[in-house]
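Here's a solo chain for you in structure tokens, the form predicted on its own.
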Amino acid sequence: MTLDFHKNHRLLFGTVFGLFLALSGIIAVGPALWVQNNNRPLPDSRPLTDEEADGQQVYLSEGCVYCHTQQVRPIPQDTSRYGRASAPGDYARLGPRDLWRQTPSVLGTERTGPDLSAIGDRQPSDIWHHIHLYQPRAVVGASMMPSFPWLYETKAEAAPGDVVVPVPQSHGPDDGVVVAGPRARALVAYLLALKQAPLPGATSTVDPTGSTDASGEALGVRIYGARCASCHQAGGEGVPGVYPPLVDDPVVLADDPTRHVQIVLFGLSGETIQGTTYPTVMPGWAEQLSDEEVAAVVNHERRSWGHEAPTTTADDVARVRQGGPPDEQ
């Protein structure tokens, strides 16, 4: 019997199909099963809560994966902005929620918007996320992200337990208040849960930009852009009634940088700034930024936008950090 592929169509297509199955097993199915059986979650990671898992479903159903990735490539363009390079352990807790739903495809394939692998670390404010979802242009003027107003409700007045979204007047309704619906709350809970657990035995480099000058100008610019600009804006002008401006702020311009450093390290809430009480909470960055990084971003704010305030050093930051928050002194 000869193998005549030109005349025996069953033999031809049977052979091709058999090769397809074999290659699929070797290239795709086998490695996937090996990773699934041999990969373990990172020690400091945790599973999603029920609300966060519901938010993940909202994230998928609203099409967030079409514009946002959750995979940080091991190249400076990614690691200088989005966190450390992704590792297999980051995805070990992903899995189907039940028999009828496949494993969520959250890695994404296109990065029209920023990577969200560590958005819970970079932007830990739930109010910011709600404003951003309701109307992205309210906090990022040049944003091309679509708004999601159907996740929110406009009420004449908020009821007890409502999550009120302080949308700037220029982007909010003419009457009433904006309240987050249950799907919006779940989605924001999921976004806040997106954090990168530390890799066992890994060490971090303080300044991947290579800046060695005393003020860390390049480092300060990078950190401000990654962690501060979304609220205080790139030009330091803030968002009226929601996030305070840094331009000409007395704390930023003070000769003694202690209070400025305290706010960056330990955060701020419930304080009236130049006659305005802001509804949002500024997070503290003491757990995420080193002394050198805090000094760099403080100096960036004190030397930008026409400011000429004295610079601070990592030793100054270390002293303030050791002293703890003002209410503990």
Partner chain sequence: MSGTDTTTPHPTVGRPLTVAKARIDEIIDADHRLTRLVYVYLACATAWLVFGTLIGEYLGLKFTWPELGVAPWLSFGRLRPVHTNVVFWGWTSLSMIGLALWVVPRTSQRALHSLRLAWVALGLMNAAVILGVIQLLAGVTNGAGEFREFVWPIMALFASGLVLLGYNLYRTIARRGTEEIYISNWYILAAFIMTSILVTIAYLPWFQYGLGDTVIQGYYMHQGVGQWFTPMVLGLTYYFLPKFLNKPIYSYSLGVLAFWTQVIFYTMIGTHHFVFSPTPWILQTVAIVFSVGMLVPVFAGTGNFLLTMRGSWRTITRSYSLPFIFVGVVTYFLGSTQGTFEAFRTLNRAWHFTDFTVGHAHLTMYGFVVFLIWGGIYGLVPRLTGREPPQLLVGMHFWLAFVGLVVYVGALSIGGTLRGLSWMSGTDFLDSVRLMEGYWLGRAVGGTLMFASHLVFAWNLWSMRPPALFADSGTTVQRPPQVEPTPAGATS
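The shown structure was predicted, so the numbers you read here are calculated from the model rather than taken from an experiment. Residue numbers count along the first chain shown, from 1.
Below, we refer to the form predicted in complex with the partner chain, which is not included among the displayed structures.
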Identify, from the list Leu253, Val179, Val140, Leu194, the residue with a heavy atom within 4.5 Å of the partner chain in the predicted complex. Val140
Just to be sure I understand the contacts: of Pro114, Gly238, Pro166, Gly83, which is the one whose heavy atoms reach within 4.5 angstroms of the partner chain in the predicted complex? Pro114
Pick from 99-107, 238-246, 186-194, 255-263: which stretch has non-hydrogen atoms within 4.5 Å of the partner chain in the predicted complex? 99-107
Ile75 near the partner chain in the predicted complex, any heavy atom under 4.5 Å? yes
Would Asn299 count as touching the partner chain in the predicted complex under a 4.5 Å heavy atom rule? no
Does the 4.5 Å heavy atom contact test between Glu62 and the partner chain in the predicted complex come out positive? yes
Can you check whether Met144 is within 4.5 Å of the partner chain in the predicted complex, heavy atom basis? yes
Listed by sequence position, which residues of 270-307 have a non-hydrogen atom within 4.5 angstroms of the partner chain in the predicted complex? none
